[in-house]
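Shown below, as C-alpha cells, is a lone chain in the form predicted on its own; questions about how it binds or moves come after it.
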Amino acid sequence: MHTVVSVALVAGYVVGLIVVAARARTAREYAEFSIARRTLPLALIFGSLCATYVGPAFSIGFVGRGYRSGFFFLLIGLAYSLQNVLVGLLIAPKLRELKDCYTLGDAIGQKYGPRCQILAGLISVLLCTLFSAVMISAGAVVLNDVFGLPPRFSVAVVAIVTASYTAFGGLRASVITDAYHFALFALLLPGVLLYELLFHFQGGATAFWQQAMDATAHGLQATPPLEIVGFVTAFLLGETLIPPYANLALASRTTVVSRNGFILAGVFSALWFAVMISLGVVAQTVVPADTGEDYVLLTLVKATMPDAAYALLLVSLVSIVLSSLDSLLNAGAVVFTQDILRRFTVRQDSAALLAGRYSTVMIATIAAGMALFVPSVIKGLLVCYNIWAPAILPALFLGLWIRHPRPLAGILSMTVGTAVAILLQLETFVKTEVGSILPALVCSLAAYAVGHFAHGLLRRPNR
C-alpha cells in the first residue's frame, strides 16, 4: 500500500508539473528564453529565488546537519541569508540597470571587455554543471527511495524530466514551475515539523531545547575555529549571484523588483533554515545513529508518519530538487550561448534560441554523469562554493563599484582564483570541507591588485 500511494502521488505530481510548464508557453524568442523579456514581477522573482534557495542542500542537507550538530549549522546558514539581503541592497539593482545584459558574463564583459566575458562564461558553465550534478544526485536519492530504482536510472529520470520542460520553456517556464514547487514545499515541510513535535516528540519544549543545545555544543566542539570561519565564508559568498540568481536579477521588471525579491527571499531562507534544523533535532530520538545525513529526513518521516504523508513529502522533495535544477540548467544554457557561442557565431535570434535548447540538454547530460560521484548534498555544494567565490566575485564586485576597471585585473583575478581554488580543493577536501575558499579568495584579490596596477604601468608610456 505504501509503495502504491507513493508512486501514484509522485506520478500525479509529475503530470501536474508538465501541465504547469505547458501553460507557461514555449519560448519563441531568445530574449524570452534567456531573461523572459525582463517582465517578471516581484511574486515570481520571490517564489523562484525561494524555490532555488531552499533546494536539497537547505532541506535534505540541513536536516542531516541538524541531526548531527543541532543549531550549529543554523549559525552557518544565517550567513547565507545575510548575503541575499546584501545582494538585494547593493548588487542586484546595479545589475538590473545595465543595458543589453543577458548574463553575469555580459556584465563583466561590459566592464572588462570580451575576453573577460568569455572567461567568465567558461567558469559559469562549469559551475552550473557542477551545481546541477549535486541537484540531480539529491533527486536520485528521493526517487531511489520511492521506486527502488538503481542510482543510474534515478539520475536519468531526474535529468530527463527537468531538461525537457526547461529546454522548451526557457526562463519563464522555469520561474513559473518554481513558484508551483515553492507553494508545495513551503507548506508541507513545516507541517511535518509541527506533526512531529505534537505527536512524536516526548518532553515538550524543554526537552527539545536541551537536546538541541547538547547537539549544538557537540558541533561547536568538533569543528575547529578555522573551519567555522571557512563555513561562514563559504555560505556568505559561495552562492552569491551564481548564474540562476543573476539571471533573475536581470529578468526583473524593475530595479525595485530586483532589490525587494532578493531581500524578501533572504528573510524567508532564515526561517526555512530554522525549520529544517529543528526537524534534524527531532530526528535524534527516532533515526538510528548510523543513518547517512542525506537520508535522515526520509527515515524520520517514513518511521513516524502515515503512508500518504510520506508520499506527499516525497512529492515535496522532488519539487525542491527540480526547482533548483531547472534554474541551473537554464542559466548554464544561456551563459554558454550568450558568453561563448555568440562571441564567435550564432548571430541570429532563432539560432541563439536553438543553441540555448541544445545547451540545456548538453549540460543536463554531463551533470547526470557527474551526479553518480557526488558524496553528499552539502559536500557537493561546498565544492562548488569553494570554486565560485574566488573565481568570479572579486572581479564582479570591484568591476561594479570601480569607475574604470581594468581588463588585466579581471583576467588575472578570475584565472588565478579559479586555478588556486581547484588545486587547493583537490588537496584539502579529503581533510576538511571548506579548506580552499579563504586562501583562494586572498590569491584572487591579490591577482586583481597586481593586474590593476600593472595595467596602469603598461599604458603609461603610450600617453
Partner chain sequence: MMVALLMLVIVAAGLVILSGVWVAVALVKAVWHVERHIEGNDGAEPGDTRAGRQ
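Numbering follows the first chain given and starts at 1. By rigid core we mean the largest C-alpha set that fits within 1.5 Å across both forms. In this text, all values refer to a predicted model and were calculated from it rather than measured experimentally.
Another form exists, predicted together with the partner chain; not displayed. Remarks below refer to it.
No member of the trio R152, Y165 and F336 reaches the partner chain in the predicted bound form with any non-hydrogen atom inside 4.5 Å. Only one of 266-274, 157-165, 309-317, 83-91 lies within 4.5 Å of the partner chain in the predicted bound form by heavy atoms, and it is 266-274. Using a 4.5 angstroms limit between non-hydrogen atoms, P114 is distant from the partner chain in the predicted bound form.
With a 4.5 Å cutoff on heavy atoms, Y358 does not count as touching the partner chain in the predicted bound form; it lies far away. With a 4.5 Å cutoff on heavy atoms, L42 counts as touching the partner chain in the predicted bound form. Put simply, R172 is close to the partner chain in the predicted bound form: some heavy atom of it is within 4.5 Å.
The contact with the partner chain in the predicted bound form, taken as any heavy atom within 4.5 Å, belongs to A212 out of V232, A212, L122, L341. Proximity to the partner chain in the predicted bound form, taken as a non-hydrogen atom within 4.5 angstroms, holds for one residue of I35, I60, A409, A421, which is I35.
The single residue of 59-79 lying near the partner chain in the predicted bound form is F71, the criterion being any heavy atom within 4.5 Å.
For F168, a C-alpha deviation below 2 angstroms is recorded between the shown form and the other one after rigid-core alignment. Here F268 does not count as shifted, since its C-alpha moves by less than 2 Å between the shown form and the other one after the core is aligned. With the core held fixed between the shown form and the other one, F182 has its Cα displaced by under 2 Å.
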